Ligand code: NDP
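In the form predicted alone, a lone chain appears below as structure tokens.
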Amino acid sequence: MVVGVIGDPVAHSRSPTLHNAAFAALGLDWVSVAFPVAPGALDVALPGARALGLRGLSVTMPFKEPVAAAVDRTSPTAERLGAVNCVVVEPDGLVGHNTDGAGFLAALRRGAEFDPSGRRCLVAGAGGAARAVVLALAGAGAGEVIVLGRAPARAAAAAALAGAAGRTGKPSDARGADLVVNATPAGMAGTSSAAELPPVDPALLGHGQLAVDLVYAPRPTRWLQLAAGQGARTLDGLGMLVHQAALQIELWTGSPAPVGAMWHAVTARRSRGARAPRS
């Protein structure tokens, strides 16, 4: 059985490494491969996946939103986000899912033993990853979800996903937050944003707070290093990458994902010097 990862570019993606480690651990004769899809070719790629008998697709930039509009149906989470990062090829059509938010919550539990219930959370960013985090935090019972975004309308739309708990805010709101999440590409290796810092000054952070950066290359990011220097606990984005991929494995195979094997694969690859800026 074959699954694919589609994006532009996609050669750097770690998803095949994670998926293939899981298939091997499960004893499945499956393979995950990267398929570069040129802009404008998505309307050919999706039907092609079904025609070729693929079991599913992992979706990365810049196709998460276009795929949500192109599949036959979406999960409730993917529908609310308007973004799909996983497609399951079913006999009656293509089904779009979004595992980013659930992967984020799993990473919080495993990497920091953090429960968002009743907590004050701040999310920097209003793009697809930020929206997934906002929705997930609200679903986990966060007391308040504050969104920082450069575009006021996009920030307001992201905050609205949290319902009554959501609002837009300003960087200084980080002072009183239990959880501060960078969901922007600031600091991401190999991109035009590599030299930037997230919009939350790490000097605003300190003891009793958890700073999470969805960026995982470099690991840790400069922002996390500075936040740790102020006394905050920190968590990088590798956990979210692993756990969102694990949920994709479960959607495709129906089996519990071997998360330990997936962690080993991605950390072993890093130890050999491999680096990738996106999932």
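A quick note: this is a predicted structure, and the numbers were derived from the prediction, not measured. Numbering starts at 1 and follows the sequence shown.
Form predicted in complex with the named molecule: not shown, discussed below.
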*Even though the named molecule is not shown here, does it sit in the model of the complex so that 174, 209 and 223 each have a heavy atom within 4.5 Å?*
no
*Residue stretch of 180 to 188, 161 to 169, 67 to 75, 108 to 116 approaching the named molecule in the model of the complex, non-hydrogen atom distance within 4.5 Å*: 180 to 188
*Going by a heavy atom distance of 4.5 Å, is residue 199 a contact of the named molecule in the model of the complex?*
yes
_Can you tell me whether residue 205 touches the named molecule? I mean in the model of the complex, with a 4.5 angstroms heavy atom cut-off._
no
_I'd like to know if residue 96 sits close to the named molecule in the model of the complex, meaning any non-hydrogen atom pair within 4.5 angstroms._
no
*asked:* Is it the case that residue 80, even though its partner is missing from this view, gets within 4.5 Å of the named molecule in the model of the complex, heavy atoms only?
replied: no
*Pick from 215, 57, 249, 227: which has a non-hydrogen atom within 4.5 Å of the named molecule in the model of the complex?*
215
_Partner contacts in the model of the complex for 146 to 184 (non-hydrogen atom within 4.5 angstroms of the named molecule)_ = 150, 151, 154, 183, 184
